[in-house]
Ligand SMILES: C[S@@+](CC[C@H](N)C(=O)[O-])C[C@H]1O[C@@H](n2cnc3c(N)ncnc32)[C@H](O)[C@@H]1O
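A lone chain, given as structure tokens: the form predicted alone.
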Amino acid sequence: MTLQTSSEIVKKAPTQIPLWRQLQSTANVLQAVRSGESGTSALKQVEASLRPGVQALSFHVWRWLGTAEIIKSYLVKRVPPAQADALLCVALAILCGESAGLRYEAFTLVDQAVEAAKRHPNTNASSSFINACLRRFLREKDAITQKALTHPVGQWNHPQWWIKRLKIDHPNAWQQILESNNTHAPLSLRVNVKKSSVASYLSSVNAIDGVAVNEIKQVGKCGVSFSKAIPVHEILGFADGTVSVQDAAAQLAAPLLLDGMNLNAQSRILDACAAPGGKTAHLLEMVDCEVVALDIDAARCDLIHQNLSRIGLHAKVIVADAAKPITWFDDQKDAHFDAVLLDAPCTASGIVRRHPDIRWLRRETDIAQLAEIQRHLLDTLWKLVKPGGRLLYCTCSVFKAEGQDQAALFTSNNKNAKLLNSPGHLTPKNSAKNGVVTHNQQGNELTNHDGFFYALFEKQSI
């Protein structure tokens, strides 16, 4: 093969993607979320060349959609067709919301939003309407925005029902939770203690040219946190399994379950609802025993295999419904475990910083439906715990119906369940103290991590 010299290579300037195309795709993503599809799924369907820009726009829109919705209510007497409404809200969210990453001249944005409307058959008839609304907003921006910010939805950019529930569940922290939800989450990594240590990893990172010492700090016992985002392929030690991406609150799961347990090579641990495998990997990094990783989604079980392959560890991965054990264990002895980790399906109300679409995707009725699934899983998997064994129940939710209330109901229905010292509800907060994650039932002083709930149960003999 003959290599080309630099003079022989014709470099083409990157094609500029028109803003109207990005706005159009962002409106499609917003409409998909409004129709019940997750933002992650909707973004995967966006054309690859458009995806980075559309993702940045979508995240911004989700963080400012409440304000945009209230502003829209002042501008229109009748809600426009769904696709036109989505495009209008996208443009309003960008115009009214502050973001360091988005810098558009107001009239350019209006012009491109109208162009986007004209070029789509579902919005073409509404292009003049969208133009009129946006230009009126620019004329009266300060007055209309200030008025919108007096409305709870406009101020906090969450649905009204969400705000109301947080006020009831966390009367002293609801404002802090909402403020945190509208910020950007840090990049948190878990150091694989079988390959390195936090101190060693910090030394390696700080030795890299261009990395400031204050950009990375320790969180918890085996985690580090970066103040700036880094593409996964550029993270030192990720490819060889030295570190894995995992939020600091999620890193508490494996240590909570295992601390004080006397496990050996014959011990068995079940990680139910395990995908994508972060907690499974953490368990294997801490102990040498059999770990069974279970998830109902075959595609997500592939992610467990990929994550374990990257770090060089092995678990027995099973595609099955955790709520139906008889369908996935081979014989009676396989149905009992020394420890069970149940990261139950939930509203994901604690990880809104990372997935800002969740607040607009969820409906209030989802809470009761998911709480019933959680209750059934708890009761079912408790039967698989050996006497003296443990079950750790956790959700990435800040709603008490999926946490504190669920744990209280479980202990009242199971007299052989002893609640051990547990963090309870960890609410997201962005004021880190020395970069150390602390957790307790009394003060619940938190740092820069997601919202979670933890309850650890030990099976007693009756």
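Residue indices: 1-based, along the sequence shown. Keep in mind it's a predicted model, so treat the numbers as computed, not measured.
Not pictured, yet referred to below: the form predicted in complex with the ligand.
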**OP:** With the ligand left out here, work out from 131-139, 319-327, 221-229, 196-204 which stretch has heavy atoms within 4.5 Å of it in the predicted bound form.
**Re:** 319-327
Original post:
Does the 4.5 Å heavy atom contact test between Asp295 and the ligand in the predicted bound form come out positive?
Top reply: yes
Original post:
Is there a non-hydrogen atom of Pro356 within 4.5 angstroms of a non-hydrogen atom of the ligand in the predicted bound form?
Top reply: no
Original post:
Asp169 near the ligand in the predicted bound form, any heavy atom under 4.5 Å?
Top reply: no
Original post:
Using heavy atoms and a 4.5 Å limit, would one call Pro345 a contact residue for the ligand in the predicted bound form?
Top reply: yes
Subject >> Contacting member of Ile311, Leu377, Ala86, Val191, with respect to the ligand in the predicted bound form [4.5 Å, heavy atom] >> reply: Leu377
Original post:
Pick from Leu187, Val385, Ile216, Ala275: which residue has any heavy atom within 4.5 angstroms of the ligand in the predicted bound form?
Top reply: Ala275
